[in-house]
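Only one chain is included here, represented as structure tokens and corresponding to the form predicted alone.
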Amino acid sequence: MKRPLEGILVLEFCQFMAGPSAGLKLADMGARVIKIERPVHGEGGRQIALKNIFYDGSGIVFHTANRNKESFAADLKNPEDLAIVKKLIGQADVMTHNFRPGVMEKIGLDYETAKALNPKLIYATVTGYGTTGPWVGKPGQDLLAQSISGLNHLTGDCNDTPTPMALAISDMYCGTHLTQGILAALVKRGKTGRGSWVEVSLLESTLDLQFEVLTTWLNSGKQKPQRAKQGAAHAFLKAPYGVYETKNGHLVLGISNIVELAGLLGNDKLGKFTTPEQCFNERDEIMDILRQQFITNTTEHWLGILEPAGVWCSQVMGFKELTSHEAFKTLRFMQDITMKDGSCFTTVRCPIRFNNERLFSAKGAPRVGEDNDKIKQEFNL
């Protein structure tokens, strides 16, 4: 299958996760993504490793976000290397970077300079907190952005300390926004012939992730979010929404009618809760009553009652249970990646399909500068 972004050349001056995750999505959809990295050591993300797992000298996090790309090593402080990079920019469709505000201006690769080199260029940037204001110089790191954004007061139970999400959600969501902006700019260029400057930030993306709860807070008295006593799943939703322990695991209940639920479960104690106001204001009591019942039997037993009646509910699974389930296997969501040193690891594929075709890409992440000679010859650098 011809992928929709084939023929699009992306120069990625990015490190760590937000910018490279956008490059990954573009590469999966067919774009040619060339990482511009410092010589020898490459981008900083190469040394970040979850559980200290490394392949071919780089952390598994780097390999996860940079498969199917090429690497061109260049010292941007070296005039000769900078001149070569500028020639590449003149032939590119998209350029991305996530340096702090002011860094590319000092190097001489700011938007106006890049635009002069290539008026059709899509210049796409990631910052931590925007380009002006008192936080401009603050490190743009995922945990910091989550914590500043208010997100940490939404996860966990009411007596828990502020709890961040246990994944790089700010980075990932910001990378998704960067991808959306780039695709929109490419559509615009197709109509006008002119490039654009696309800007996103970790903080703004994390705020956008919370648009439903932030809007609720702004329009409901601006009171601190109140998480449920136990099994909290959403600070602004009424019972029975939440997590419940069973005899052999856990199940979750989504948005449900408490009167119908009480009838299905034969639970007379729930009979006094009939209004939405009660279900929110007295949700801890409702959830306590449900906990006392659910713990008496297995997850499978309760799902056998609730699912046929159309109640939104599910078993709580771990990775092992999920990946062994037939429904997951049907998705064919995993793929194997082979490194230059012959080592292999398993990761996920692109979640987007085109014409019912899944997008697999088994090419591993590049070594630092491994494509320099090929790129110089191809682009007459």
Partner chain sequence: MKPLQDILVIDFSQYLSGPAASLKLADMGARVIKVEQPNGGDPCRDLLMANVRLDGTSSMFSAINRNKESIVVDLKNADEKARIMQLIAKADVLIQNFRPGVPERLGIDYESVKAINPGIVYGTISGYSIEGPWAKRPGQDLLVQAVSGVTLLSGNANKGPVPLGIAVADLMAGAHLVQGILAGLVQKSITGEGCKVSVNMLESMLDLQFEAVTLFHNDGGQPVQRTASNNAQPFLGAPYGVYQTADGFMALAMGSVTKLGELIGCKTLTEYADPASWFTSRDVLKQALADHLKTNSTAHWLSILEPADFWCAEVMDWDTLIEHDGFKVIEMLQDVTTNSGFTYQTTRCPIRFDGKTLTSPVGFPKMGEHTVSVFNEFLN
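No experiment lies behind these values; they were computed from the predicted model shown. Residue numbers count along the first chain shown, from 1.
We do not show the form predicted in complex with its partner chain, though everything after this point is about it.
J.: Using a 4.5 angstroms cut-off on non-hydrogen atoms, would residue 17 count as touching its partner chain in the model of the complex?
T.: Contact check for residue 17: yes, within 4.5 Å of its partner chain in the model of the complex.
J.: Does at least one non-hydrogen atom of residue 57 fall within 4.5 angstroms of its partner chain in the model of the complex?
T.: Taking the distances in the model of the complex, the answer for residue 57 is no, it never comes within 4.5 Å of its partner chain.
J.: Looking at the partner-bound form in the model of the complex, is residue 187 within 4.5 Å of its partner chain by any heavy atom?
T.: Residue 187 belongs to the contact set for its partner chain.
J.: Residue-level question: is residue 32 within 4.5 Å of its partner chain in the model of the complex, judged on heavy atoms?
T.: No, no contact at 4.5 Å.
J.: Quick one: 74, 103 and 193 and its partner chain in the model of the complex, is every residue within 4.5 Å by at least one heavy atom?
T.: No, none of the three is in contact.
J.: Can you work out which of 109, 92, 232, 270 has a heavy atom no more than 4.5 Å from its partner chain in the model of the complex?
T.: In short, 232.
J.: Tell me, please, which stretch of 294-302, 221-229, 260-268, 77-85 lies within 4.5 angstroms of its partner chain in the model of the complex when heavy atoms are compared?
T.: Comparing against its partner chain in the model of the complex, the contact stretch is 221-229.
J.: Does any residue in 53-69 get within 4.5 Å of its partner chain in the model of the complex, counting heavy atoms only, and if so which ones?
T.: Heavy-atom contacts within 4.5 Å come from 53, 55, 60, 61, 64, 65.
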